[in-house]
Structures are given as structure tokens and as C-alpha cells.
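Before any questions on binding or motion, here is one chain by itself as C-alpha cells, the form predicted on its own.
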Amino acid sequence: MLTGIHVVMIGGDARQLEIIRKLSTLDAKISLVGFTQLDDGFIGASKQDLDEVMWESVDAILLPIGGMSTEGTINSVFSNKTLALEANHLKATPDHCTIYTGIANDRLKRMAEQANCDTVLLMERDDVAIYNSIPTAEGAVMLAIQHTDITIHQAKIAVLGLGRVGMTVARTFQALGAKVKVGARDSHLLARITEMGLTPFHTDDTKKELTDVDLCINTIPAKVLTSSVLAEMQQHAFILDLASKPGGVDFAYSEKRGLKAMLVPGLPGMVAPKTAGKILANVLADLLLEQAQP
């Protein structure tokens, strides 16, 4: 149980509801910041502004998967107010306070270090990323159906990257009958792609390999789909970027050329918020229970 543990949840989307529900069941004390439009009532949870939180008693701070912007703001679908976590908030917390977030930029890392707060990056955990890859792949299928005029079956599809998301996405489209090739850099990943019955190619050859594809799905958080690569792609090709912001596509050039390209880093929260929320809730509950151990 999390009795006596004070958790501050700041911003987020529908996934946060499952986390609140789980932590409430475990008897945690929850301060909800940025939830003014939330109608549901949860035992042990209270809506507060940032300046109303008793920071000196906070054991954990939960940020959305997207974390904090470079300007210091945190998004919330349940509030119209601008949420800005500041250094003085963190400095008022006890030394054992831990920040849980999906990703962290330099601003958040610097603030946490100055306040002596540990930071746990949930999306760097294998369990969270692998579980999340399931709704991500389903969402990619949904968008592919919505934004193309061909069937996935027999479509020529390229997946860039064979990480935890790329592997699930490639396998899912293969199961639907697509002709899938996967780009990677490391030799062991190229071997794994072959073992999976897919067509491997080195990312150095991306420009040549994408000339005939109907759909390109990028999972690499680096600018891999440059203007020179996009210039050689078929006009009808659909580009789906699943990498974290700013993605791996030259979106300005793709728009100029008339290629349809979408950046959707938070796909699980869009297509399956309940499932994605339960994934995060279970992992966070385990981490908080570990943190609460004497």
C-alpha cells in the first residue's frame, strides 16, 4: 500500500485517469495539478494549483509522457491554464522526492539536479516501451488505413529502426500481408530483421530503398528523412513518424513537395488511452511501492 505517500500529478491526458485510479486504490495521497475540468472524483485525490501544493511533504512528482517543454510548461487536456513547474517548487521538496516522466529535456534535468531530485524516465524502460509498442502499432495501422487509398495487404512498407517500437510495428504490418523492409544500422539488428522474415537494409541506403514504398514508418529520433531522401519518394507515399519530437522528417520539405507526412509521438494516448494508462499505472505503482520501502 502507498498509505502516507504524497504524489503530485501535473498535467497529462486521459492516460492519467488510470494512474489516478490505481494510486487511489493503493491509498496514496494525490495532489492533482491541471485537472480543473476533471469531473470524476477519486478517493484521496484533491485538485490544487501549483502554489497550493505542500511541496515539503511530496514524495513523488508525476509528469506526462511528454514531460516538460523547453519553455518549462506542461500540457494538460483537463485545464486551460498554463502549467509551469518552477525550480523553487522542486527545491522545497524532501531529498527523497523522485520525478517520474516519460522523457526529460535539459531544462527538467537541470532543475531536478539542482533540487536533489531523482528522475525516472519511463519511456527508457523496456517494460513500458514494449507494452506501449502494442497500441502504437495498432494506431499506425489505423492511420495507414485512413490516409492511404490502398490495402495494407501487398503494400510496400519501410520501417526505419528496429527498436522496441519498430520491431512490433514491422511484425504487425507483416502479419497483415504487407511487403515489409526494415532499415537499421547495427549488424545484429540486420541479422534479426532477416530472422524475422523481413527484408533488411542499412540506413545508409535509405534514399535508394524508399524510392518505391507506399508507406514509410519512422521510429528513429534523428533527421533520417531529409529533403534529399524525400525528393526521391513516390508522390503518393504516406510518411508516419512515430519518433519523439521533433521527429525524423523534414516536414517543411515534405509539405512543399506535397507528400503526406504526420508526426504522432503520443499515439498510444490517442488510440488506446485506457490501455496505455493501465500500462503506466501498473509500472508506476510498482516503482512507488519500491520507493516507499524503508
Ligand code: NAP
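Under this definition, the rigid core comprises the largest set of C-alpha atoms superposing within 1.5 Å between the forms. Numbers follow the displayed sequence, beginning with 1. Keep in mind the model is a prediction, meaning the values are calculated, not measured.
The form predicted in complex with the ligand is left out here; the points below concern that form.
**Q** Answer for Leu32 alone: is it within 4.5 Å of the ligand in the model of the complex, judged on heavy atom distances?
**A** Result no; Leu32 lies far from the ligand in the model of the complex.
**Q** Answer yes if any heavy atom of Ile145 is within 4.5 Å of a heavy atom of the ligand in the model of the complex; otherwise answer no.
**A** Result no; Ile145 lies far from the ligand in the model of the complex.
**Q** When the contact criterion is heavy atoms within 4.5 Å, does Ala129 count as touching the ligand in the model of the complex?
**A** Flag for Ala129 set to yes.
**Q** Closest heavy atom of Ala222 to the ligand in the model of the complex, within 4.5 Å or not?
**A** Looking in the model of the complex, residue contacts with the ligand include Ala222, since a heavy atom lies within 4.5 Å.
**Q** Among Ala261, Ala243, Leu62, Val229, which has at least one heavy atom within 4.5 Å of the ligand in the model of the complex?
**A** Partner contact (heavy atom, 4.5 Å) among the options: Ala243.
**Q** Could you tell me which one of Asp95, Asp186, Asp106, Glu113 places a heavy atom within 4.5 Å of the ligand in the model of the complex?
**A** Spelling it out, the residue with a heavy atom inside the cut-off is Asp186.
**Q** Of 64 to 72, 230 to 238, 265 to 273, 47 to 55, which is the one stretch near the ligand in the model of the complex, taking non-hydrogen atoms within 4.5 angstroms as near?
**A** After filtering at 4.5 Å, what remains is 265 to 273.
**Q** Does Val224 count as moved between the shown form and the other one, where moved means a C-alpha shift of 2 angstroms or more after fitting the rigid core?
**A** Val224 C-alpha, core-superposed: shift of 2 Å or more.
**Q** Using a rigid core superposition, assess whether Gly248 undergoes a CA shift of 2 Å or more between the shown form and the other one.
**A** Comparing forms between the shown form and the other one, the Gly248 CA shifts at least 2 Å.
**Q** Does Leu38 move appreciably between the shown form and the other one, meaning a CA displacement of 2 Å or more on the superposed rigid core?
**A** After core superposition, the displacement of the Leu38 C-alpha between the shown form and the other one stays below 2 Å, so no.
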